[in-house]
Each structure stands twice: as C-alpha cells, then as structure tokens.
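In the structure tokens that follow, a single protein chain appears in two forms: structure 1, then structure 2.
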Structure 1
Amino acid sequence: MMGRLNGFSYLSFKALYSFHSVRLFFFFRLIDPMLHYVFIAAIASALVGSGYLSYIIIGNIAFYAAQIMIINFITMFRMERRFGTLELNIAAPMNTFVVIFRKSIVPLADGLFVFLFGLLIGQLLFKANIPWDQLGNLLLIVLVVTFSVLSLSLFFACLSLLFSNINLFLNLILGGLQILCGVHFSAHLLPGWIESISRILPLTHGIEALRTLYGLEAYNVQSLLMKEALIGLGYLTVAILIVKVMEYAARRSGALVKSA
C-alpha cells in the first residue's frame, strides 16, 4: 500500500515539476524563497525602515508557502486537462477523492517544506527569531495554515477549470491574497467591508497568529487558529461539493471540460 502510494506521489512529482531530480528541486526551493524575502525586505526597509522588517517577512513567509501550494494545485489541474488525463481520474475504478488525495501529497509536502524553511531564513537573515519555547504552538500554526491553504488551493483549482486561460485568474488570486490577507500590513487597516472579506479567507488569521507568537501583535492565538481551521474546513467542503457536481456532470455528458 505504502509502496503504491509512494510510487503514485513520485509520478505526480515528475508530472508536476520540471526539475530533473529531487536534489535540484530542493536546491531551487532553497534559493527562490530566499530571493523573494530579500527583495521584499529591501523594499520594506526603503519605505518604512528596518523596524518593520520582521512583521513583513513573517507575513511573506506564510504567503509564499500559500503561493507555492496554489500554483501547484492549479498547475496540476491544468496539466491534467491539457493532456486529457482529467477524465481518466473520473473514470478510474477508484474514488475520485482518493486520486486527488494521492496527487495532493507532493504539493502539500512542498508547501510545508517552504513554510518551515522560510521560518529558518527569517531567523538567519532578518532576525525574526523563532520562539523556540513556543515550538509546539508554532508547528500547530504551520499545520493549521497549511491545511486551510490546501483547502483554498483545491477550491481555486476546481474553479480554474472554468477558464480557458488561467494565468490571469491565478495572478488575480495571488495579488488579491497579498492585499486582503494582511501579508504586508495588518488586515485591520483595510476598510470595513474589505476587512470582512479578508476575514473569510485562509491566511488572514494564520498570519496574525504567527505574528502574535513572534511578539509582533497581541491576539488570542487559540481563537485565531480555531477560525483559521473552520475557514479551511469550509473551503474544503465547498471544494468537495464542486468536485462531486463536476463528477456527476461529467458522467452524464461524457465530457468534463471544454477544449481550451
């Protein structure tokens, strides 16, 4: 069973990523986030000074991990559609969610690795010292945020099937999350109705919990984590419903998507 699962996940890795080896994959995942954080830090230092640096870097660490997972999920669905294997998933003698779960392992591990490595970069380069005495709570926050982002990624990946060209859709999502989820500034600074939208998105409460643990904000971490988990559960439920509706429609019509 584990052998088949590992083989399935490895094939998903080879299909999803253009890297020639796992070693090259890890090398890229170490360099690319680091360059992103340095770029953001340079802009933040020039605009608001170094005193605000840890606040922005912590938000960007969570956002970058979310970005990786969203891109991976949408790319996975896009490649499935391009090469005509999406319909095979529906027709496979296996529950559709089992297929999706197996293919989700690599993007999930990818996002988790980037998240944890980002926290180490934050400490080494930007003096965002990891609260080692709160390590258990820190890992819990990482897991809850990863779950909620995974749910959001699956939700967006399902919606992406409605678009023939999803690049614009993807860019709008990533840009919107940066503004709405308090990545660079507190979500409380947003106008009331916009903040209401940010409060129903994953990441917002997770970033606030992360900053609280780092002593950069002062909120109730447990309450924030509970909200983040419930929001993630809500998006996962909606995504499952969308998949079920698509599966039902595909079986009735004999086609899952229109040709791009």
Structure 2
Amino acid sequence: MMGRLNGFSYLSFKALYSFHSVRLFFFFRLIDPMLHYVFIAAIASALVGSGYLSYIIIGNIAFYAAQIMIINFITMFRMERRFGTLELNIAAPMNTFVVIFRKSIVPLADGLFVFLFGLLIGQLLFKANIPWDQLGNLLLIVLVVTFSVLSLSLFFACLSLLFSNINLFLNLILGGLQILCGVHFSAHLLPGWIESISRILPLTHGIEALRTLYGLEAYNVQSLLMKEALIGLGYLTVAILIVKVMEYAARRSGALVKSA
C-alpha cells in the first residue's frame, strides 16, 4: 500500500513538476523565496521603518508557502487537462478524491518545506527569532495553516477548470490573498465588510496566530487555530463537493468543463 502510494506520488511529481534537478530546486525553492522576503523587507523599511520588519516578514513567510501550494495545485490540474490525463482520473476504478489526495502529497511536502525554510530565513536574515521554547505550538500552527491552505488550493484548482486561461485567475487570487489575509498589514485595518471576507479565508487567522507566537500580536492562539482548522475543513468539504459534481458532469457529458 505504502509503496503504491509512494510510486503514485513520485510519478505524479516527475510528470508534473519542473524541479527535476538540484539546480532548479535551489533557484526556485531556496533563492526565490529569499528574494521575495528581501523585496518585502525593502518595502517595509522604506514605508514604515525597520521596526515593522518582523511583522511583515512573518506574514509573507506564510503567504509564500500558500502561494507555492496554490500554484502547484492549479498547475497540476492544468497539466492534467493539457496532457489529457484528467479524464483518466475520473475513469479510474478508484475514488477520484483518493487519486487527488495521493497527488496532493508532493505539493503538501513542497509547501511545508518552503514554510519551514522561510521561518529559518526569517531568523537568519530578518531577526524574526524562532520562539524555540514554543516549538511544538509553532509546528502545530505550521501544520494547521498548511492544511487549511491545502484545502483552499484544492478549491481554487477545481474552480480553475472553469477557465481556459488561468493566468489572470491565478494572479488575482494571489493578489487578493495578499490584501485580504493581513499578509503585509493587520486585517483589522480593512473596512468592516472586507474584513468579514478575510475572516472566512484560510491564512488570516493562521498569520495572526503565528505573529502572536512571535510576540508581535496578542491574540488567543488556540482560538485562532481552531478557526483556521474549521475554515480549512469547510474549504475541503466544498472542494470534495466540487470534485464530485465535476466527476458527475464529466461522466454524463464526456468532457471536463472547459478545454485548455
């Protein structure tokens, strides 16, 4: 069973990802996030001063991991559609969601790696010192945020099948999340109705919990984590429903939403 799971995930990784070499991995999973944090640090230092640096970097570490997972998932669905294997997933004698879950293992590991590496970079470059005495809670936050973002990514990946060209959709999602989830500034600064939207998105509570653990905000971490997990569960449920509806529609019409 384990071997089959590993083989399935490994084949999916080799087929869908461009990170086949150590050199590319170095560029896109180590250098690129670091450059992103430096860019954000430059904005923060120029606009609000270096005292705000840790606050904005912590938000961006979580956001960058989310960005990787969302791009991974949407790319996975896009490539499956482009190479004609999306239909095979539906036709496989196995629950479609189990197929997707197995393929999710690599994006999940990728996002987790980027998240943890980001925290290390935060400590080394931006003096966002990891609260080592709270390591257990920190890892719990990372896991909960990764789960909720994974659910959101699956939800967006399903929605992306409605578009023949997903570039604009993907960029709008990433731009929107930066603003709505309090990545660069507190979500409390948003006007009331926009903040209500931000409160039903994954990442918002996770970032607040992370900042609280780093001593940059003062909230109840347990309550925030509970909300983050529930929101993640909600998106996962909706994503499962969408997959089921897509599967039903695909079996009936013999086509999967919009062709690429």
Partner chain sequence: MNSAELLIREIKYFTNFNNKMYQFLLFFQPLVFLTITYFLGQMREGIEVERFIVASAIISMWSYVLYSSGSALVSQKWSDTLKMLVVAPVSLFSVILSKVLSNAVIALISMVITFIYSVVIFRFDLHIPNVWLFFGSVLVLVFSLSVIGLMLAFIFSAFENVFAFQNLILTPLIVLCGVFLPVENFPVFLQVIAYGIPMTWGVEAVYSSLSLSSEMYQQAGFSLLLSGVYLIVGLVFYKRIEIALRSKGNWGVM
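Sequence positions of structure 1, starting at 1, serve as the residue numbers. Basically, rigid core = biggest C-alpha set you can superpose within 1.5 Å across the two forms. Here the structure is a predicted model, which means the values were calculated and not measured.
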Exercise. With each form of the chain shown alone, which structure should be assigned as the form predicted together with the partner chain?
Worked result: 2
Problem set entry | Y52 C-alpha relocation of at least 2 Å between the two structures, rigid core basis | no
For this session: Classify F27 as shifted (yes) or not shifted (no) between the two structures, where shifted means its C-alpha moves by 2 Å or more with the rigid core superposed.
Result: yes
